[in-house]
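So this first bit is one chain, no partners, the form predicted on its own, shown in structure tokens.
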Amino acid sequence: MHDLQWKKIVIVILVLLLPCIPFGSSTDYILRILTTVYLYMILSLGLNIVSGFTGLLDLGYVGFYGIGAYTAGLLTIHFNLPFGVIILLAAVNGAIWGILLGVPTLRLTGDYFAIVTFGFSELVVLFIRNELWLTRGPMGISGIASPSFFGHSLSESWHFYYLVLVLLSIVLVIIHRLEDSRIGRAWYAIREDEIAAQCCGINLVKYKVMAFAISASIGAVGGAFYAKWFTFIHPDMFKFWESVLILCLIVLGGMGSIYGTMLGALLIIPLSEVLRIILPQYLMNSRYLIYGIILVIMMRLRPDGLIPFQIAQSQKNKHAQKRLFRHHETYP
């Protein structure tokens, strides 16, 4: 049986089993961990568009995460808008800020680009902390109402489990469509060689800005869900280390690989919970040292990640060629 057929079987099994997990879980603890895993899958898939598909090192992705969270919190507190409207407005706000960050940095590459994105995330955190009139600063925003559908408020862990599963499914469909589209091929060309891509007629400004906008909107959607789930947000929740963690998920799974990115989140996020239980409170920050050791080992043994992007693409091309050959035999 071909690898593509096995992949389809695995996807079908996951689609059938994942919605049944809440009925087999005896405690809310497992559901909260799984919800966190799916949330970081959304965030890592969003960052993968810029860092994986386009090949730009973004160290400020947590800034869009925070923008989405505070957008949802403020819209809920002041206007009490429906959850669907809040998600859409958070995505639009994130896309706007992604464009505002992307346009001035188009001429930068490598370390210079990474430094600018890092500065952007720090500016977002400083704005949130200092603008008391809008964000309440260090006091944070509390009392954010949970999402409600048809008059029923979501309060149980399995409610948010299903909600994040729906959001993850939508993000997956969008990214899969982008990956196989003309836009995705343009991003891959920019990743491999910007000069060659420009010589082939690819508008670098247009496609880089699109990558920033779509990536930022997905990060803002994750932040909006986070705010409605925890009902409390604080500037310390969106520090630089969150960007590092999300980037680690992509590097571990495979830069540019959709399935690898999801696998990285599935491995690292539960590991952080295990370390929280094992390590004493004063050693909690040392978990980043453990993440670093894991990445060093990965760079030595599998520098392309657990599911390399090149392998995934070569398998797609191989099956596409086989389909084309069968089509040629059937219709000479």
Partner chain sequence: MVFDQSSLLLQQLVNGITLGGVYALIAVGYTMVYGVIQLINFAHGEIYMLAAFVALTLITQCHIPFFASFFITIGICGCLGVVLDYIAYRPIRKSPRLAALITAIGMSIFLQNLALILWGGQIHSFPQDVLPKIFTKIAINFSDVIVTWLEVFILCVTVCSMFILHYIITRTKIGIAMRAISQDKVTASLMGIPVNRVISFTFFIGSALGGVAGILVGIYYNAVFPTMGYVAGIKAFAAAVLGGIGSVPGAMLGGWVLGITEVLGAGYFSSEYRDGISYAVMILVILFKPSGLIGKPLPQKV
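Residue numbers count along the first chain shown, from 1. Keep in mind it's a predicted model, so treat the numbers as computed, not measured.
The form predicted in complex with its partner chain is left out here; the points below concern that form.
Can you tell me whether residue 139 touches its partner chain? I mean in the predicted complex, with a 4.5 angstroms heavy atom cut-off. The answer is no: residue 139 has no heavy atom within 4.5 Å of its partner chain.
When the contact criterion is heavy atoms within 4.5 Å, does residue 59 count as touching its partner chain in the predicted complex? Although its partner chain is absent here, residue 59 would touch it in the predicted complex, with heavy atoms inside 4.5 Å.
With a cut-off of 4.5 Å between heavy atoms, is residue 236 one of the residues that contacts its partner chain in the predicted complex? Residue 236 lies outside the contact set for its partner chain.
Closest heavy atom of residue 130 to its partner chain in the predicted complex, within 4.5 Å or not? Although its partner chain is absent here, residue 130 would touch it in the predicted complex, with heavy atoms inside 4.5 Å.
Only one of 123, 145, 85, 134 gets a heavy atom within 4.5 Å of its partner chain in the predicted complex. Which one? Residue within 4.5 Å of the partner: 123.
Among 168, 255, 74, 91, which has any heavy atom within 4.5 Å of its partner chain in the predicted complex? After the contact test, the surviving option is 255.
Please pick out the stretch from 263-271, 63-71, 286-294, 32-40 that is in contact with its partner chain in the predicted complex, where contact means heavy atoms within 4.5 Å. That would be 286-294.
Of 208-246, which residues get within 4.5 Å of its partner chain in the predicted complex if you count heavy atoms? Heavy-atom contacts within 4.5 Å come from 240, 241, 244.
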